[in-house]
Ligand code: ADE
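In structure tokens, one chain follows: the form predicted alone.
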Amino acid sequence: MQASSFASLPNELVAQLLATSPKAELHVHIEGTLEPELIFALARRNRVTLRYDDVDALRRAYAFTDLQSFLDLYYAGCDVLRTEQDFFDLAWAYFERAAHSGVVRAEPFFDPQSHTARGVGFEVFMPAFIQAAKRAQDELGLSVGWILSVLRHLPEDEALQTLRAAEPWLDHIIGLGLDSSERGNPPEKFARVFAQAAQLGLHRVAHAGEEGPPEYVRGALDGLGVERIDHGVRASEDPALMQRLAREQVPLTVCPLSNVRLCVVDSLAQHNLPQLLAAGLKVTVNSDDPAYFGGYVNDNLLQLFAAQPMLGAPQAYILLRNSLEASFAADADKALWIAQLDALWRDAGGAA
């Protein structure tokens, strides 16, 4: 369907369609869905002492000045995750929220090194993630593909060890990602581990162009062979890179609320997503670490559209369709979801 055929839809209907349409979430860290209430519940279960007196005190600590200030709290929060049941409860809580938001395909990241460094191994969290994904498919109709993400502030040798440790579980892992502190950790640092992932048949994605410069986006494409760029908003500083991303239709998994909370942009009203979209880039909207940044995927979509007058029904349809097309799901599944999306929008008043 042509996105322009929806231009006359009123804003109220667009908001409803954003919330209810089938969509894919391609940039969400499962550990970043750890809500304060669950942190305290797991701390009680595992007899972990927290630095904060209650949920409200913990939420007040979510005043970040940059990516590193968030990561410090994020890694500390992971410490309450100790048992298989803990990881199942974490994943299942996210899957329920996602399905309620119209997500039909989720490709969450998980950070093994955040857990193995604490003595919590793959044999603890992988069975939980597998069980939660199966239940999500059976009970919620939610398709799930797990992406193992390695931490860029650590040496590449540790990333290679992590990938080797994951090999018994690769039937349940669709890809390799790269996250954590971007500054001073260029993508090329991880060329060997990404080459190994390619040999294993894994999809490859990487965080780039969030706090790091546009050169990191180019480095992820050329040095790591990635198929998607996570964030990528700083690509707008490099016209040649923008032209390449548009020409090659490399998906960007943009996370608006995260960009505001981590001071990448000053406000949603000043976010450059409309410019990226207008330049022909394959942009998607996602939640990143929603428990810390103030909202899940629908919150990101609805708040962005409320703050950006130049975004309307055509852009809403494009973003939703982009998310489905950019997923690593089977082509038949993507075709089914896109048909469902088109039917919903056609019934809402868009021309055939």
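Position 1 is the first residue in the sequence shown; the rest follow in order. Quick caveat, the model's predicted, so the values are computed rather than measured.
Absent from the display: the form predicted together with ligand ADE. The rest refers to it.
Enquirer: All three of His207, Glu210 and Asp289 touching ligand ADE in the predicted bound form at 4.5 Å, heavy atom to heavy atom?
Expert: All three within 4.5 Å in the predicted bound form.
Enquirer: Among the candidate residues Leu276, Ala197, Leu262, Val226, which is the single one with a non-hydrogen atom no more than 4.5 Å from ligand ADE in the predicted bound form?
Expert: Of the candidates Leu276, Ala197, Leu262, Val226, Leu262 is the one lying within 4.5 Å of ligand ADE in the predicted bound form.
Enquirer: Can you pick the one in Leu67, Ala326, Ala316, Ile39 that has a heavy atom within 4.5 Å of ligand ADE in the predicted bound form?
Expert: If I apply the 4.5 Å criterion carefully, the residue I get is Leu67.
Enquirer: Sort through 45-53, 58-66, 281-289, 298-306 and report the only stretch with a non-hydrogen atom within 4.5 Å of ligand ADE in the predicted bound form.
Expert: Going through the listed ranges, the match is 281-289.
Enquirer: Taking heavy atoms and a 4.5 Å cut-off, does Ser180 contact ligand ADE in the predicted bound form?
Expert: Taking the distances in the predicted bound form, the answer for Ser180 is yes, it comes within 4.5 Å of ligand ADE.
Enquirer: Thr253 near ligand ADE in the predicted bound form, any heavy atom under 4.5 Å?
Expert: Heavy-atom contact with ligand ADE at 4.5 Å: absent for Thr253.
Enquirer: Answer yes if any heavy atom of His29 is within 4.5 Å of a heavy atom of ligand ADE in the predicted bound form; otherwise answer no.
Expert: Yes.
Enquirer: Should Phe87 be counted as a contact of ligand ADE in the predicted bound form, where contact means heavy atoms within 4.5 Å?
Expert: Looking in the predicted bound form, residue contacts with ligand ADE do not include Phe87, since no heavy atom lies within 4.5 Å.
Enquirer: Note that ligand ADE is not shown here; using its position in the predicted bound form, name the residues of 114-136 with a heavy atom within 4.5 Å of it, in sequence order.
Expert: Stretch hits: zero.
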